[in-house]
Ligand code: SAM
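Quick setup: one chain, the form predicted alone, written in structure tokens, and binding and motion questions come after.
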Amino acid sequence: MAIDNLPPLRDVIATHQLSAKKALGQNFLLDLNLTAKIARSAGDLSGSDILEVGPGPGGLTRGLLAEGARRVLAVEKDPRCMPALAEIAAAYPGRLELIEGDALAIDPLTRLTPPIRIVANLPYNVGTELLVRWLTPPEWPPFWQSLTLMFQREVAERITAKPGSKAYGRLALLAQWRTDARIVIDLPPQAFTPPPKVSSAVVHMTALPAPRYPADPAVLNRVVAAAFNQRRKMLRAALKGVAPDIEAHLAEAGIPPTERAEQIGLEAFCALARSVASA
């Protein structure tokens, strides 16, 4: 089923000779019904500006515009994709702005008007780094209302993992401290061209007005990073570099010093960070 009057994506890719580049982490999603479904999973787009990173030939871009996004700012590193994206901009006058460049080096805020949502099929090679940046701004609430992002399924599970699971770690704590995070769509490798070796999933994260539990972000990050960098060690050993009297801080936070990082919930880590900060 067509979602607009533009050509099917396979034709666009053939016309502009857009073979996916592994070096850029590209895997193109060609089913426009799927891209529209991803756009809908981001919520009501009609009153929002959307930041999209890595639009490629524009499948998700078209889904976002067809689903009523007020405006889309698309950042694309691959110059080969710009002519195809320009055709979409012409079909949706005044609603799509294109930036050719590296999303890690560009500040999009001057070009966006709140409310802002981020929706992207992130390139595999920069996805986690971009997510961490969006989750750790200098001030909270952030500039965005929600993140709707496609990752490898393994990364999606790390974002939504609970204590006691193998996937639970720093990324889960970072995401769940400040957002409601859930997997909303699963995608098999066959949905992409070329098919990746792994399954993918879309994660929707809604920014909370304030973090779930009070803690200094820098201290919490230091504590969590140290705990999971040596996740097989007991916390009294893994965290000895964080504070000289770490066992006293663990006791104050109600955490047995013989526990390991994956057994500790977000609230307890925040209590530990507060204890360390107070010293």
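Since the structure is predicted, the reported quantities are computational estimates derived from the model, not experimental observations. Numbers for residues come from their place in the sequence shown, where the first is 1.
If you look for the form predicted together with this ligand, you will not find it shown, but the lines that follow are about it.
Going by heavy atoms within 4.5 Å, which of 70 to 78, 110 to 118, 182 to 190, 204 to 212 lines up against this ligand in the model of the complex? Careful reading of the contacts points to 70 to 78.
Contact check in the model of the complex: 27, 55 and 101 versus this ligand, with a cutoff of 4.5 Å between any heavy atoms. Do all three pass? Result yes, every residue of the spot touches this ligand.
Looking at the partner-bound form in the model of the complex, is residue 126 within 4.5 Å of this ligand by any heavy atom? Residue-level check for residue 126: yes, a contact with this ligand.
In the model of the complex, does residue 175 come within 4.5 Å of this ligand, counting heavy atoms only? The answer is no: residue 175 has no heavy atom within 4.5 Å of this ligand.
My question is simply whether residue 122 lines the interface with this ligand in the model of the complex - judged by any non-hydrogen atom within 4.5 Å. So residue 122 counts as contacting this ligand.
Which of the residues spanning 142 to 156 lie within 4.5 Å of this ligand in the model of the complex, based on heavy atoms? Stretch hits: zero.
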